[in-house]
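Just the one chain here, the form predicted on its own, laid out as structure tokens.
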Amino acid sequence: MKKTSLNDIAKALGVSKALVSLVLNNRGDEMGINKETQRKVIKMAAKLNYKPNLVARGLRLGASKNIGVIIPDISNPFFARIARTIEDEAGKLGYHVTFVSTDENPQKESRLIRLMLERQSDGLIIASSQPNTADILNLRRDNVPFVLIDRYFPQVKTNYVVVDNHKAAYNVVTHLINLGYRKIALVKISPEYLTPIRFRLAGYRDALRDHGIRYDKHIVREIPFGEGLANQMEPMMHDLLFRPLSVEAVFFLNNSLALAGLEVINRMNLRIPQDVAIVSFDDIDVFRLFHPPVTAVAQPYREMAKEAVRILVKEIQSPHKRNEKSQMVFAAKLEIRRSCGFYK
């Protein structure tokens, strides 16, 4: 469907585009446009579902020097570190940063994207929780500068900065197999449509296949995003760690799941790694302090955040080059510690 323009409103009313622009920018009284005409313009704009190009208007009025950052969960150490690095890097370039958290809620994310644009953000950095591409396609159509971080949509040409989740997960499972583990459970968070979850699961499956181990759906478990992870984790861990399943190792797909799992395992008085080996995706400082320290995948969050800011600012400052998209894929590092029975 064709987007309604100022010209469309002007033609429908038989007035000039300049008059419509003045009214919709709240300058009707200032320019002496009578109230009835202003009312007609506003009514027609609503009837035709007119949506202003907020980015273009911001450019006419002058850049705001503000970047909007939309992340799923500011309490997650991974996203908190990314947010802090973005703020530091943007500040060096003279930009302020506004952070919002979506709580993995796609509807809330849509509202926050609109809010950021209404507040005249020069561009956005987004770790999206969306199941589809509608909001992203709208941003691209409206020529809004933006960069996706951690999560992206492979079918849409956009700027993005991510890690190679498939390879990182593949390396985790290969490491466990090389240590002699064969029955390796995987615990993931929903929703599964998020690209990091999809690619980590694919890496897990491919590593099993390449080492001649059958994929067993009964030891792949999912917990919905939200509070009370430990309460949801307890019956799941009992099921996985005791007969008939009796898994030998558990691969948690993020640090929040790993922390909840470790809490439950401690309550069960099980030993790590003697009773069960543990690996987490996302390395956090506390993992080094556990007894034993936890093997984890360390993501290069500083490099990711710095690159996201660099790409975004370049696009903000070079609007004629916005068709030239940058896609950055970083390698993650497996930090091997004692929780899986081997320490170098």
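Numbering starts at 1 and runs along the sequence shown. As the structure is a prediction and not an experimental result, all values here were calculated from the model.
Below: the form predicted together with alpha-D-ribofuranose (RIB), not depicted.
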message: Check residue 200 for me: does it contact alpha-D-ribofuranose (RIB) in the predicted bound form (non-hydrogen atoms, 4.5 angstroms)?
response: yes
- request: Determine whether any heavy atom of residue 196 comes within 4.5 Å of a heavy atom of alpha-D-ribofuranose (RIB) in the predicted bound form, and answer yes or no.
  value: yes
- prompt: Can you check whether residue 299 is within 4.5 Å of alpha-D-ribofuranose (RIB) in the predicted bound form, heavy atom basis?
  reply: yes
- prompt: Is residue 78 close enough to alpha-D-ribofuranose (RIB) in the predicted bound form to count, meaning some heavy atom within 4.5 Å?
  reply: yes
message: Taking a heavy atom within 4.5 Å as contact, would all three of 151, 254 and 282 count as contacting alpha-D-ribofuranose (RIB) in the predicted bound form?
response: yes
statement: Exactly one listed stretch (259-267, 167-175, 243-251, 70-78) reaches within 4.5 angstroms of alpha-D-ribofuranose (RIB) in the predicted bound form by non-hydrogen atoms, and it is 70-78
